[in-house]
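Listed next as structure tokens is one chain, alone, in the form predicted on its own.
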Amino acid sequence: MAKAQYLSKNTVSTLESKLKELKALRPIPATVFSKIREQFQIEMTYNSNAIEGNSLTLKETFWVVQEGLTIKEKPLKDHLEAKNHDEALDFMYELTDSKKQNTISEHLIRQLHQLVVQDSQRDIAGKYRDGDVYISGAEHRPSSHMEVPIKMHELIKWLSKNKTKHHIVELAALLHHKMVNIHPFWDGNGRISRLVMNILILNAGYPLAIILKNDRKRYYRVLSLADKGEYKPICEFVAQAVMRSLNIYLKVLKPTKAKNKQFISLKELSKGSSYSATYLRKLATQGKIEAIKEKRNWLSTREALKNYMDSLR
């Protein structure tokens, strides 16, 4: 296992111990696995599209993707984006479920882009942009369209060269940032980058990592910091998304009633400890204590807090 350069030791330890737990529970019963995967696929499609401005709710995304329904007063483009993203996820799962070595290439990235925008923006599907773009409200200015093919070629070379130099979750986060930074397509760059990142994550045995819509502001902030060469925040951010998915899988597959392993609110966790809920939230966002986010609320466990306090000693 490659040594992490930007992830904390605690984060790496938590990721690896939880992955070990999950691997011990495999093979997962087909019916259970199918249900969890469906849940993750809908959640990923909803959140990834919502970050980019899609107006469908989580429930509406389920209706459109699974039931083929049309939502009254919602744009056709939003319906097509949901269906196309779901198809791209199906394609990605086919790749990662196979026993073959899945090499990320420019061709694969363009294939995914083709699927993601095939119905909503067919004229640009799978094609690098042929003009320059400016991202409103962002300090970073993407590469000139003349440089995009060169930058994408360099990106694939960088990935090949760095496969053994970073922890896989760290590598996925860095790859994601580099793709967004290049901004190779007219539209769909965020959605494609999150899918490509997950190819590495799934190949390593981790479950799908979902960037939540509720974390959009923090997500943009850590990407902006990475533009300035500060990579630790984006790596910890992606690691937390992976841990959230691991916790959901383990909760379903290995339910426990042990008090110290129950996820509770930070306000509840602060009771009887020397830390306030505000400080615990800071520890959670920095990846110093194991925590997950449900909607807008951070949750952690007494065991996680104890582990953190023990590490200080």
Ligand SMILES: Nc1ncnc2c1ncn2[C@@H]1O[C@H](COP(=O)(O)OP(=O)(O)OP(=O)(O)O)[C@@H](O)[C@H]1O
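Fair warning: this is a prediction, and the values are worked out from it, not measured in the lab. So that there is no doubt, residue numbering starts at 1 and follows the sequence shown.
The following text describes the form predicted in complex with the named molecule, which does not appear among the structures shown.
Colleague: Pick from H140, R218, K163, K74: which has a non-hydrogen atom within 4.5 Å of the named molecule in the model of the complex?
Modeller: Of the candidates H140, R218, K163, K74, H140 is the one lying within 4.5 Å of the named molecule in the model of the complex.
Colleague: Work out which of K151, K232, H183, H167 lies within 4.5 Å of the named molecule in the model of the complex, going by heavy atoms.
Modeller: Contact with the named molecule in the model of the complex is made by H183 alone.
Colleague: Look at the stretches 89-97, 237-245, 152-160, 185-193 and give the one with heavy atoms within 4.5 Å of the named molecule in the model of the complex.
Modeller: Of the options, only 185-193 has residues within 4.5 Å of the partner.
Colleague: So in the model of the complex, does any heavy atom of E52 sit within 4.5 Å of the named molecule?
Modeller: Yes, E52 is a contact residue.
Colleague: With a 4.5 Å heavy atom cut-off, would you call I135 a contact of the named molecule in the model of the complex?
Modeller: Heavy-atom contact with the named molecule at 4.5 Å: present for I135.
Colleague: Give a yes/no on whether Q111 approaches the named molecule to within 4.5 Å in the model of the complex, heavy atoms considered.
Modeller: Heavy-atom contact with the named molecule at 4.5 Å: absent for Q111.
Colleague: Do E147 and the named molecule share at least one heavy atom pair within 4.5 Å in the model of the complex?
Modeller: No, E147 stays farther than 4.5 Å from the named molecule in the model of the complex.
Colleague: Thinking of K288, T301 and E303 as one candidate spot, does the named molecule come within 4.5 Å of a heavy atom in every one of them in the model of the complex?
Modeller: Not a single residue of the candidate spot has a heavy atom within 4.5 Å of the named molecule in the model of the complex.
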